[in-house]
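Next comes just one chain, in structure tokens: the form predicted alone.
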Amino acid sequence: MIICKDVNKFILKGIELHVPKGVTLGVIGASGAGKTTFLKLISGLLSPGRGSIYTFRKDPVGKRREILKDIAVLFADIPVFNDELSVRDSLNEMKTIYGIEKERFTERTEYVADILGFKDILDTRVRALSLGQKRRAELGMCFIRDAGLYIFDEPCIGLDQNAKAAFYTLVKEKKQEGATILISSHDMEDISEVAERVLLLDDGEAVFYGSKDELVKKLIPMEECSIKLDGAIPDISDLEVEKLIIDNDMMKIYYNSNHVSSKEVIERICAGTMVKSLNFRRSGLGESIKISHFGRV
């Protein structure tokens, strides 16, 4: 479905990967890591500075008009609607542009507007919508179409939990129909809800590409130990920790329990100082990713 060979553009450096047909891929990373650039390259909105990209086995720039017929895209920085038109008028324009059969269009509009919760704003001008209402309608425009590839850049901005749940449902439905779906987000927990594969970008480089299960196996053993000290700050420089935070008499240690045991942490702390209290908890996937790749000190 999608092949990238030694792709470079702006911050992106040497991206190599293959996304098979029917896969849901989550693209994650810190701000400026290259997530939006990557998605724009796939959709043909940008041309690589070096390397080659194939979407549907075609050059997405040279064959852009051809492949756009089978791609539905939503980018956070590219307007979808004419602010002076109503949502319904904008959807009807899309129906005409893509030649969607009337009965199918009506059926999908009713279903998607209902599940995303924008039926009551179909006749409202876009300029009068709130951020959340506009995003629901923008997502609706994508899901009304039957496409082979769906690309979403930060799709859950401005959405409440109900709308997010509706988005997850629609993504899973499209996956069951055989569509390939690419989603970038700052919210790693959202990505973990729908993605089976993950591309982790850090400073323009692909530091991980593989199954979500593989990423979870690698990162989920991240533990957090919170200590309230009653003495001097202990020296733990020889312990293999991911991150250390000291704030007055509070100390937080983040470590991968595959490499360091909780017993080792307790013994080292108690041997070097007096402790008032000590608590342990396991970090979630999103937090573990942040600590491992964006919070290392």
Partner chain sequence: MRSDALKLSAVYTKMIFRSWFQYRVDAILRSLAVFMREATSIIVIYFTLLKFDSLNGWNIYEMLFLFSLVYVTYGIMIIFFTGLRDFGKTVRTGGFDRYILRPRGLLFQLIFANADWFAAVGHGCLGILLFVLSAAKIGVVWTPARVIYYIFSIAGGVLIQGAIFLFLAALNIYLFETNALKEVFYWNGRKFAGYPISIFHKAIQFCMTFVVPFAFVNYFPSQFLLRKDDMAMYPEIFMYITPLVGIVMYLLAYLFWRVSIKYYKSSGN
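None of the values given here were measured: they were computed from a predicted structure. Numbering follows the first chain given and starts at 1.
Note that the form predicted in complex with the partner chain isn't included here; everything after this is about it.
- Picking from 84-92, 106-114, 201-209, 163-171 the stretch near the partner chain in the model of the complex, with a 4.5 Å limit on heavy atoms, gives 84-92.
- Taking V194, V73, A147, L129 one by one, only a single residue has any non-hydrogen atom within 4.5 Å of the partner chain in the model of the complex, and it is V73.
- Only one of V80, C156, M188, C225 lies close to the partner chain in the model of the complex, with a heavy atom inside 4.5 Å, and it is V80.
- When contacts are judged by a 4.5 Å heavy atom cut-off, R57 does not count as touching the partner chain in the model of the complex.
- Taking the partner from the other structure, the partner chain in the model of the complex has no heavy atom within 4.5 Å of any heavy atom of K263.
- Using a 4.5 Å cutoff between non-hydrogen atoms, T96 counts as a contact of the partner chain in the model of the complex.
- Mapping the unseen interface onto this chain, F10 counts among the residues with a heavy atom inside 4.5 Å of the partner chain in the model of the complex.
- Contacts between stretch 1-40 and the partner chain, counted in the model of the complex as any heavy atom lying within 4.5 Å, involve F10, T36, T37, K40, listed in sequence order.
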